[in-house]
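Here we start with a single chain on its own, the form predicted on its own, put down as structure tokens.
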Amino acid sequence: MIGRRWFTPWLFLLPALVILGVFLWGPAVNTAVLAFTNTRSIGGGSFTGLENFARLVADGDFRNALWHSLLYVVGVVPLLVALPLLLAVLVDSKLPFVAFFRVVFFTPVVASMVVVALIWDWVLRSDGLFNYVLQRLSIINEPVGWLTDPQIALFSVMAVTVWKGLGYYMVIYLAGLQNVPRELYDASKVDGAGPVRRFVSITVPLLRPTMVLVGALSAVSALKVFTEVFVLTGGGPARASQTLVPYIYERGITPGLELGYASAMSLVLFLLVLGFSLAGQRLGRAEVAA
């Protein structure tokens, strides 16, 4: 009887496995296959080998999008590693109204990214709230094109991503702070260490594995950014804020329906995400072992 029941746990897992197979693994395998074809519509196309990848190397728009995605990682990740840590230390303290601040910082996390992007579009447009306040304070004389200036559009979108992610990574840090022995802080106070010294000598070293985790998660998220770019700038002006996922969407969904070429770009993006994930996992293990 025991031997006949080996499959019982799998019966409980079967619904989830079916859903994952249909909506995740199946499309992933199909994308990998399409990357080596010249498919331009659903159900059509022939095998072309590495032709799509050779085309990627010569595609200036792809290189531009890839560069912007990597720049996005460099610009966003350090802020999302450092700022949420400072917020977590703040809301973990005994300051008045801490519960209120926790709610305020976490509210953007539960808000829809589309809604957040539309709000920031209203704030950052040339005739928006931000320029109005800056002009009223006599900080600027003319409206700044936060979303229309090729030099700053990408950085404006980065700022929205950072603002949206602060609360999420703050919660991760708060969980890490619960594992820091309070006796260490008490002993450091007895030795005369101030808040900054305690932060540098106790909090940061003991939260290094959590910082690595936050860095890996935020890097992967930055590589896959789509909604902010799509809603705020559409990749413009003049592709100055175009990143990989919006460009993949543009080539695969727009009237050209270059599904094979878009799949090749998706495969490159998958390898980038995989590389960052494995690097984060290795660094995390090294920090835990240390």
Partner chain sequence: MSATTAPPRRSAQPPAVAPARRGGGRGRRWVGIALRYALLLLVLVITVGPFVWQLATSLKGAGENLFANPPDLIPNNPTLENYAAVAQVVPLTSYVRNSLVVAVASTITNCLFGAMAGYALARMRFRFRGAVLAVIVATLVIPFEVILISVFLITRSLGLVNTLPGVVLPTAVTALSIFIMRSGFLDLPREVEEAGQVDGAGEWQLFRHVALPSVRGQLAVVGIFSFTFAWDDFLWPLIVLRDPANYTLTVGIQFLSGTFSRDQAVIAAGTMMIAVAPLILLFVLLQKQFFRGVGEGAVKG
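Residue numbers count along the first chain shown, from 1. Bear in mind the structure is a predicted one, so any value in this text is a computation, not a measurement.
The following text describes the form predicted in complex with the partner chain, which does not appear among the structures shown.
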4.5 Å heavy atom contact with the partner chain in the predicted bound form for all of Ala58, Leu177 and Leu283
no
Pick from 45 to 53, 235 to 243, 26 to 34, 58 to 66: which stretch has non-hydrogen atoms within 4.5 Å of the partner chain in the predicted bound form?
26 to 34
Is there a heavy atom of Val110 no more than 4.5 Å from a heavy atom of the partner chain in the predicted bound form?
yes
So, Glu142 and the partner chain: in the predicted bound form, are they within 4.5 Å at any heavy atom pair?
no
Counting only non-hydrogen atoms and a 4.5 angstroms cut-off, does Trp146 reach the partner chain in the predicted bound form?
no
When the contact criterion is heavy atoms within 4.5 Å, does Ser138 count as touching the partner chain in the predicted bound form?
no
Since the partner is left out here, which residues of 122 to 152 would have a heavy atom within 4.5 Å of the partner chain in the predicted bound form?
Trp122, Val123, Arg125, Asp127, Leu129, Tyr132
